[in-house]
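The chain below stands alone and is given as structure tokens, in the form predicted alone.
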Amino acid sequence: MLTPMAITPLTVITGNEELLIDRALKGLIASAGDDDIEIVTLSARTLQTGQLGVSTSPSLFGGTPLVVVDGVENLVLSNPDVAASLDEVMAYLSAPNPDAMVVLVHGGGNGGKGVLTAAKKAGAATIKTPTSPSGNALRQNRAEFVKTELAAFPCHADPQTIEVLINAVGTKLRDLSGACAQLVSDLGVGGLLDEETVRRYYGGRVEVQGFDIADQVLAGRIAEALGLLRHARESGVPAVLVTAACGRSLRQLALVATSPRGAPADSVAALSGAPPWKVKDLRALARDWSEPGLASAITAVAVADTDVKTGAIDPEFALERMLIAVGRARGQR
């Protein structure tokens, strides 16, 4: 949760997540305690000369103007296309209107540093929203986000349930937040959100079906995987999502299998991209997999992925052949 700050004529919000920036803005508006705030949103890249001055001027109806300038990171000296916009922002910062509120939103990176420096000199307050990581750390970050969102209702879920929800909804914060609110509201879940509820509610989502197929085939249950595949395809699940799920699960399994014996689950999770709770399951699965078997399975998935993307052969046949090959590779020595 972001702590509300006293409103100042200038505020800088930094971060790369639209949802968190929106929440920071709502916090600013709530802190202002002014029901007559008039919000204007401008793009930093397309500002015209004098536009900030006009936008921050009091209206005929007496509302306090709050002007949000989005994309400040694009204002760089080396880009002549934004020279006029940069001049407009810098001119305003040299003499900001004390009766208006201007919020500069910086999405991260090295761009717009001159604007940030000028804003700081002008006395701007700063709100730093959490920046989302990339790579393997992203899913762990999303799991923590879901845990926090559910706790606000209050409600909680175990790591497996949270992973299923992320697989179903995706990694966009706004989608995850909406899913948490919808599950609790529509289903009346109080205190505990379980995996069965999530699967029942999102059972038709393509991501869930893809990873269910991967889980079955990695465990050697070929017939079950083929049955799930037929159901998924009848439900309209794209073939590429099935190969992607199998490929990701195999990569996680390979990285867990080759991790140092006795390494902590958290460190193995960071290395493999698997959630910490799943490391134990993958370690158990790895006992039935050899390096040649993993190599054969990964190759089979790569071939199927190429086949379905290029249309070389029928997608149904390509996927069935892949699952059979992966399942048989499990016992290869």
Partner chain sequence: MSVFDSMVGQERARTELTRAVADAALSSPGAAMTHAWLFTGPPGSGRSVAARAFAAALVCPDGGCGHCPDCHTALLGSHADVDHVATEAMTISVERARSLVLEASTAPSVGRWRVIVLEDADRLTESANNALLKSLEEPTRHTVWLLCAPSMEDVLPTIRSRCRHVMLTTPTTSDVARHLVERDGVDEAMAAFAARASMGHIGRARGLARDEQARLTRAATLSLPANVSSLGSALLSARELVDAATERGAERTKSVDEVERVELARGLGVENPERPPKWARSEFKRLKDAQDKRRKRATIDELDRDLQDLLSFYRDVLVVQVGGEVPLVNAELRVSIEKVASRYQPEITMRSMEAILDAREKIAAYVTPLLAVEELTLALRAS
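Note that this is a predicted model, so its numbers are computed, not measured. Positions refer to the first chain, counted from 1. Whichever C-alpha set is largest while still superposing within 1.5 Å between the two forms counts as the rigid core.
Only in words, not in the display: the form predicted in complex with its partner chain, which the text now covers.
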property	result
Interface residue in the predicted complex among S185, T258, T148, T117, criterion: non-hydrogen atom within 4.5 angstroms of its partner chain	T258
Position in contact with its partner chain when the complex is considered in the predicted complex, options G220, P130, G247, G178, heavy atoms within 4.5 Å	G247
Complete contact of D87, E88 and A100 with its partner chain in the predicted complex (any heavy atom, 4.5 Å)	no
Interface segment, criterion being heavy atoms within 4.5 Å of its partner chain in the predicted complex, picked from 22 to 30, 50 to 58, 291 to 299, 64 to 72	291 to 299
Proximity of A265 to its partner chain in the predicted complex, heavy atoms at 4.5 Å	no
Its partner chain contact at L138 in the predicted complex, heavy atom, 4.5 Å	no
Close approach of V303 to its partner chain in the predicted complex, 4.5 Å, heavy atom	yes
Non-hydrogen atom contact K113 with its partner chain in the predicted complex at 4.5 angstroms	no
Core-aligned C-alpha movement of A300 between this form and the one not shown, 2 Å or more	yes
Post core alignment: V268 C-alpha displaced by 2 Å or more between this form and the one not shown	yes
Flag for S290, CA shift 2 Å or larger between this form and the one not shown after aligning core	yes
